[in-house]
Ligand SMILES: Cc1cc2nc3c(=O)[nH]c(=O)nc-3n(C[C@H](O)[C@H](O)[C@H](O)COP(=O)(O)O)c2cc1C
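There is one chain below, alone, in C-alpha cells, taken in the form predicted alone.
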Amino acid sequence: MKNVLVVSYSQSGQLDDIVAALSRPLAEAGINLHREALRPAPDFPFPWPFFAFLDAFPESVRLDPRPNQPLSPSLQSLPVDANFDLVILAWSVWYLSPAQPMTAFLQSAEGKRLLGGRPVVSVVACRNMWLSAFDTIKTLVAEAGGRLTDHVAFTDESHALATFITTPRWMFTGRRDSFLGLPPAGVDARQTAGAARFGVALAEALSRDGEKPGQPMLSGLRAVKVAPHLVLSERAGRRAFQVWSGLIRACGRAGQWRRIPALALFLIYLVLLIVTIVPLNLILQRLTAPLLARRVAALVSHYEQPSGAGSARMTVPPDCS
C-alpha cells in the first residue's frame, strides 16, 4: 500500500475543497492518505481585519513567518525513515510569496524530516499571480531535501478588473458570492471539481511506482496556465515588495503600532500601483511586445515546468474540465 502525506493550509476554505477533490481518487484507489492541516500560532483570522492583512506583508515577503503549532501526534511519532511515497503541498499566495504557514512548515525541522528524499507535488490556489511564490516554493522544497516532481495552479479565471473588487470583498467580509453583476470570487466550482483528474493520474502513477524516477506525473493534464502579460509585472512587483518589506520591518515588529505609518504609506503605494502603474505597464508591454517576445516566451516556458500546460491526456476538452 502506498502512503501519501498531504500538507495544507486553507485560510478561507477554498484550498480545502480543491484538496478534497484531488484526494478522493487517491483514497478510492486504496492509497493510505494522511492529511495534515497546518495551524499557525496564533491562527490568521478570516475574514482578514484590514490592519492584520497589511501587517502580514513584511514577514511574508521576507520569509520570516509566524510559527505553526506542533504537527499532529501521529506525524510527530513517526520515525525519521517513515515511508511516505509522496508528499502533496497545498498552499496559497500572500504578497507574491507563499502563505506564511507553508513557509514555516518547509523551514521547520519537522518539514525537513518529512520531505527529505521524497517526491513532492505542489498545488497552489490564488487570484492569479503565483509565479514568484512558486520560485520560492521550489527553493524551500529543495532546501528541505524534497524533490519537486509536479506543480498544479488553480486561479480565478474572471476578468482581472472584476477580481480587483471581488477578491478584496471576499478577503475582508468573507462573502464570495456574485454581486453587482460581477462573478463569484475565487476558483470556480468547475475548476475545483476538475482537480480530481490530478488525483486519478497520481493514483495511476503510484500503482506502477511512477513517483520513484522523479519525472512529472501530471503532464498532459493542463496543470498550469501562465499568463504572459503577468510574467514581467510579477517580477517588478517582487522587487518593489522586497524594498517595502525591509522599510516596514525597520519600523518595528509584527503587531507593533509604530509601524502603522509605514504600512499606511505602503497601502497608498498599492492603490497607486493598481490604478496607475499596472495599466501603464500593460500598455508598455503591448508596445514593446516584439522586443520582449523571446524573453517572455522563455519565462513562460520556465514557469510551465515541470508539469506543463498541455492537455493531451485529458478525456474532455480543456474548456470543459
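These figures come from a predicted structure and were not determined experimentally. Numbers follow the displayed sequence, beginning with 1.
There is another form of this protein, the form predicted in complex with this ligand, and it is not shown here; the text below is about that form.
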Next item on the list: Decide if the three candidate residues V4, S122 and F198 all line this ligand in the predicted bound form, where lining means a heavy atom within 4.5 Å.
Entry: no
Check: Given that this ligand is left out here, which of H151, R127, R118, R222 has a heavy atom within 4.5 Å of it in the predicted bound form?
Finding: R127
Check: Heavy atom within 4.5 Å of this ligand in the predicted bound form: which of V93, L114, L218, L206?
Finding: V93
Notebook entry, point to check: Among 243-251, 127-135, 141-149, 102-110, which stretch has residues whose heavy atoms lie within 4.5 Å of this ligand in the predicted bound form?
Noted result: 127-135
Next item on the list: State yes or no: in the predicted bound form, is some non-hydrogen atom of S12 no more than 4.5 angstroms from a non-hydrogen atom of this ligand?
Entry: yes
Check: Is F266 close enough to touch this ligand in the predicted bound form, meaning at least one heavy atom pair within 4.5 Å?
Finding: no
Item checked: Any non-hydrogen atom of M171 within 4.5 angstroms of this ligand in the predicted bound form -> yes
Next item on the list: Heavy atoms within 4.5 Å of this ligand in the predicted bound form is the criterion; list the residues of 15-53 that meet it.
Entry: L15, W48, F53
